[in-house]
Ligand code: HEM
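Below, in structure tokens: the form predicted on its own, a single chain.
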């Protein structure tokens, strides 16, 4: 079997700052790989189809390269090093199973349902602040504050701390972006340090006075006589914060953009929000994944589809390509059969996926019930797919 390095692969640079908006979509749609499933990127290979994407996300012979990235950038001590080493995405085997057994019950669909009422309250508050004419930047008015308020409520933190939680999440998330690590490492380190101090105080408070919140649930979590210690609690809460603010903000903003561009889909949603809001969420996650690329590094030699990947090979699994189903349209009535890889797959499937889905479902259903129309009121300001693919701004006009 040929080594992956010996193949004549098409190239694609996902870190190109010019990749944005329609240009990004055109570049992704135009990328066809070796035998349709493999291309070359600046750091390794890019996997372009669902079958192979799921294989590399599920195999035990490939892991998330967070520890490797830390080593490459010389992150060998300090709070960021501690966070990388203790991040559940970088933990495997029995240690990972133990942590998931303790945290999963607190984030089941049924467990996160108890936060839906407060989500609706936040949405009502945010809508009441929109000017009478309905013109606003959806990102600033809704998509940015809503997940931060929700995660504060979920954690049992004061709602006044929501902006700080958003700030920390935004900066800590940048550890997964090589460009940010090169130029902004000090600020990432500072955010980790500040959040650690904050979380320690919050955990100590919840030990004294438990509540109906995630931290209290994790303090009380027991599996086969085992419990989480304070350091494990702190890092799990950080993981949930980082995974549940910027991502939810970006995915919700894309959902509203897609609906604003398709009035017929919006009207269908408004005709039956209970039925169609979950479909909007699933179709948005499929069609416009805000984590277009998920990294893995092989820990041993792997042979797959006639290609040999030596140990240490870096792969980027393209959820954008893996999620595609012809015809490639955003359609909330379509019956989809394929597995969506936006939240990953296998043992490292996103721990907060149920919370993210609930947030989006409530946000979309609320808008459909309260707003007659959503129209773009200017050009969206797109981010790039290196890291979280979000929207910097989304000017809209809401019709009441």
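Predicted model only: the values in this text are computed from it and were never measured. Numbering follows the first chain given and starts at 1.
Just so it is clear, the following notes concern the form predicted in complex with the ligand, a form of the same protein that is not shown.
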TODO: Could you tell me which one of 316, 88, 139, 157 places a heavy atom within 4.5 Å of the ligand in the predicted complex?
DONE: 88
- [ ] Work out which of 324, 164, 96, 262 lies within 4.5 Å of the ligand in the predicted complex, going by heavy atoms.
- [x] 96
TODO: Would you mind picking out the stretch of 166 to 174, 188 to 196, 287 to 295, 71 to 79 that comes within 4.5 angstroms of the ligand in the predicted complex, counting non-hydrogen atoms?
DONE: 287 to 295
Open item on the list: residue 361 versus the ligand, in the predicted complex: is there a non-hydrogen atom within 4.5 Å?
Closed with: no
Open item on the list: I'd like to know whether residue 64 contacts the ligand in the predicted complex, with contact meaning heavy atoms within 4.5 angstroms.
Closed with: yes
Open item on the list: Please tell me whether any heavy atom belonging to residue 223 falls inside 4.5 Å of a heavy atom of the ligand, as the geometry stands in the predicted complex.
Closed with: no
Open item on the list: Since only the chain is shown here, I'm wondering whether residue 50 would be in contact with the ligand in the predicted complex (any heavy atom pair within 4.5 Å).
Closed with: no
- [ ] Indicate whether the candidate residues 247, 347 and 356 are all in contact with the ligand in the predicted complex, with contact defined as any heavy atom within 4.5 Å.
- [x] yes
- [ ] Select from 211 to 229 the residues with a non-hydrogen atom within 4.5 Å of the ligand in the predicted complex and write them out in sequence order.
- [x] none
